[in-house]
Ligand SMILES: NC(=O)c1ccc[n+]([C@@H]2O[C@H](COP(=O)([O-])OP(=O)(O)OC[C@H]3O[C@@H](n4cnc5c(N)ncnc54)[C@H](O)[C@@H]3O)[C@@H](O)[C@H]2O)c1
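Just the one chain here, the form predicted alone, laid out as C-alpha cells.
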Amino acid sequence: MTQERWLITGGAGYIGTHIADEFIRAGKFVVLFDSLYQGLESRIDYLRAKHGIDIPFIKGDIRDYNEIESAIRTHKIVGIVHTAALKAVGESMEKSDEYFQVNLEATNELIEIAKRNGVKKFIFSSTAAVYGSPDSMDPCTEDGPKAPISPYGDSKYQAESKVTAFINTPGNFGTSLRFFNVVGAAAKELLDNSVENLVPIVLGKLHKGEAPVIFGTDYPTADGTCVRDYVDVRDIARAHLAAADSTSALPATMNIGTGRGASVRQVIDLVLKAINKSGSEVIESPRRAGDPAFLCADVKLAKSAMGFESKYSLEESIRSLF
C-alpha cells in the first residue's frame, strides 16, 4: 500500500512538528513547509533522527504560492494540514493587515492551489480566539456565539469559512480544528518557544529569577483568576490524525480541548511544584483588557464525530516540559 502523502504548513513549528511526529508514526509520508519565522529546523532534525527517515523540508513563506504549488506537485500531495499562521494576539492589533494577509488570504490561496492540483483533504488549525471574550461561564460550543476581539481571532474565523466552502464540495474532506490553550511536549527537542502562552511565559520569568504574574484576581471564578482549557500538544496531534483518517464527513468546525478548566493560579502552582519551588512569590496585577473570566471547550462534537478524546492531564502536560 502506498503511503498517504501530506503537506504540513508551519511544519517546523511547535504544533506542526508534533502533528508530523504523529503522522509519521501512523505510516504517513509528510512534507514540511515553514518560513522558520518561529519554526525551528532543529525540531525537524530531531524527527528525522527519531524515525530514521528523510523528511522533505521546504523553507518558504506561506505567501510564496509558486513554491507551495511546486511542493504539492513534486511530492504528489493528497492532503494538507495548514498550521502556518501569525498568532500573537497583541501583535495582531498593531499589524492587522499582515495578519489578514497571512492568516486569511494565504489560506484562501492555499485552498485554490489544492483545488487546482486535485488535493481532496484539508485540515485547518484554528483557534478558540474565534469565540472572543464570552461573558458566559458555560463551555463554548461550535455553533455558539463567535465574536473575535483581535485581528488574529477574526482572520482565523474568516479563514474557517474558506475551508468550510472547500470541504462542502462533493469529494472533498476536512475540518477546522479550534484549539484551546496548548501545553506540553513529546520531547524536549519539540518544546514550545512561544512568548504568547502562559506556561512558557511563567517558565521564562522563573528562568530569569523573576516572579510570575497573575493579571486579575477578582474574576467570578473559584480562586478569582481566569479559567482556561489547557490541552496537550500530543492530543492536538492525535486530533489531526483522527481527522485525517476519518472515513465519514466531519463537522466543519470542532473544538479540541479537554472540557476541563484550570485557573491561572492553579497552572502557576503546578509549574512551581514541578520545579520544586512551591510557595514562591507570585505577583498579582490588575486585569488586562479583553481577558474573559472563563474560556473552556465543549468537547462533545469531536468525540461523537471522530471518537476523539484528550488523554493527557494538565499535570502530565506540565511534567512533560521537564
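Keep in mind the model is a prediction, meaning the values are calculated, not measured. Numbering starts at 1 and follows the sequence shown.
One more form of this protein should be noted, the form predicted together with the named molecule, which is absent from this view; the next part is about it.
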Practice task
Look at the candidate spot formed by 225, 274 and 317 and say whether the named molecule comes within 4.5 Å of a heavy atom in all three of them in the predicted bound form.
Solution key: no
Practice task
State the residue from 260, 50, 287, 63 whose non-hydrogen atoms include one within 4.5 Å of the named molecule in the predicted bound form.
Solution key: 63
Problem - the named molecule contact at residue 113 in the predicted bound form, heavy atom, 4.5 Å - result: no
Exercise for the section: Evaluate residue 266 for contact with the named molecule in the predicted bound form, applying a 4.5 angstroms cut-off between non-hydrogen atoms, and reply yes or no. Expected result: no
Handout entry: Partner contact for residue 14 in the predicted bound form: the named molecule, 4.5 angstroms, heavy atom
Key = yes
Practice task
Decide whether residue 83 counts as a contact residue for the named molecule in the predicted bound form under a heavy atom distance cut-off of 4.5 Å.
Solution key: yes
Practice task
Please determine, with the chain shown alone, which of 292 to 300, 54 to 62, 22 to 30, 274 to 282 has non-hydrogen atoms within 4.5 Å of the named molecule in the predicted bound form.
Solution key: 54 to 62
Handout entry: the named molecule in the predicted bound form - contacting residues of 154 to 170, heavy atom within 4.5 Å
Key = 156
